[in-house]
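Just the one chain here, the form predicted alone, laid out as structure tokens.
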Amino acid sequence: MYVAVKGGEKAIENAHAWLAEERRGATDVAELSLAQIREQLSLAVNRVMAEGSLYDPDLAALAIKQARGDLIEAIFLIRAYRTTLPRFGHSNPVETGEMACDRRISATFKDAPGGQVLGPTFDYTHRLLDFKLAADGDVPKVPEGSARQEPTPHITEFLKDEGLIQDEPTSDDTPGDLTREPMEFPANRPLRLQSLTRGDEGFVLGMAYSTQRGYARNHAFVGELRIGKVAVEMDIPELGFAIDIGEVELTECETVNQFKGSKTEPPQFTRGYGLVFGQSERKAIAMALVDRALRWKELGEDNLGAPAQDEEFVLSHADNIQATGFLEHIKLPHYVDFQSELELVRKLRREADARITSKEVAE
């Protein structure tokens, strides 16, 4: 006989206590501080802020600690906290051309106007374990002036001046807000970009990789990848002008894609676009590739049936919080459902056995 497992409130309290003990780990090892997580696990903090849709390094560090390093759980915590915050206004669009770039590279122009800044990156490192890190060695000093402080023009603007890249359509309409309204299909590009920027990095990466392997025939170059801080401004009605309320670190990627033209557009380059909180260049590049693949209809291209071209498939499955909730709910009690399935299978087995017995008797 199958019976429900009984535990109740006391069992849940014990589970929480055990979780806290496991989170702390061995007490003879110093406890991680939020400052350590924020400063030394900054890429994890950046991902939690990006996919949690809340720019706050301290809260992201707290969420990572509380989640024992499970980034999706940390993202869930940040999103839940975000819903409790009052909204008293909105900022103006940031000017990424005014970014103070810590990193700015182009794969399309060697002598990029404004210069290239390699910045802090794994790109040129050997993928070998550095055991000096285990010894807590000295940190190398970065030469002063490595970052570019003055405004840096976007490289694609130089292609635009020659008429070689498609003009981006503009609109005076206020974009929808995915954090306040559910996604509806078909979705316009601003909503698609919102969905991708807070989508799961692994999923968006997989979709982007599929486009590079031929699913969507989407050959792209990184026109520009830049990482740095930009000012955030907000209009104050009482003052009649905008004021600077802070700054955020962003990663921006613009891809340059081949385009043979259509019935309405001449042969030219087109763009894919990615913008993410913090230093998240893998996510920004992947986002740009998927953004371009999803633009097939507006560019008059053929739908090749590639997964990355299916707007509803991509956007409905990109969110890791929704995916986690639906996946993990199956471990919760389904006793009644299973009992009904169990009785159905038993009935079908009895009927099958009866038919076999009847057949044997007839023979």
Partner chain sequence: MTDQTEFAIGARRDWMGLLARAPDDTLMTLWDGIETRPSFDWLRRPEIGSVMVRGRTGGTGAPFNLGEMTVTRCSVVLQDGTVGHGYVQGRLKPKAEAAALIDAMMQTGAADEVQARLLDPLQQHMQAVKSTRAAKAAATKVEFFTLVRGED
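Owing to the predicted nature of the structure, the values given are computational and were not obtained by experimental measurement. Positions refer to the first chain, counted from 1.
Not pictured, yet referred to below: the form predicted in complex with the partner chain.
The candidate spot formed by D56, G119 and E238 is fully in contact with the partner chain in the model of the complex: every one of the three has a heavy atom within 4.5 Å.
With the partner omitted here, the stretch from 74-82, 126-134, 202-210, 216-224 that lies within 4.5 Å of the partner chain by heavy atoms in the model of the complex is 74-82. Proximity to the partner chain in the model of the complex, defined as a heavy atom within 4.5 Å, holds among D161, E150, D177, E184 only for D177. Taking a 4.5 Å heavy atom cutoff to the partner chain in the model of the complex, the contact residue among I285, I155, I165, L193 is L193.
Among residues of the shown chain, V256 is not one whose heavy atoms approach the partner chain to within 4.5 Å in the model of the complex. Contact check for T270: every heavy atom lies farther than 4.5 Å from the partner chain in the model of the complex. A residue is said to contact a partner when one of its heavy atoms sits within 4.5 Å of a partner heavy atom; E265 fails this definition for the partner chain in the model of the complex, lying far away. Contact check for S91: a heavy atom falls within 4.5 Å of the partner chain in the model of the complex.
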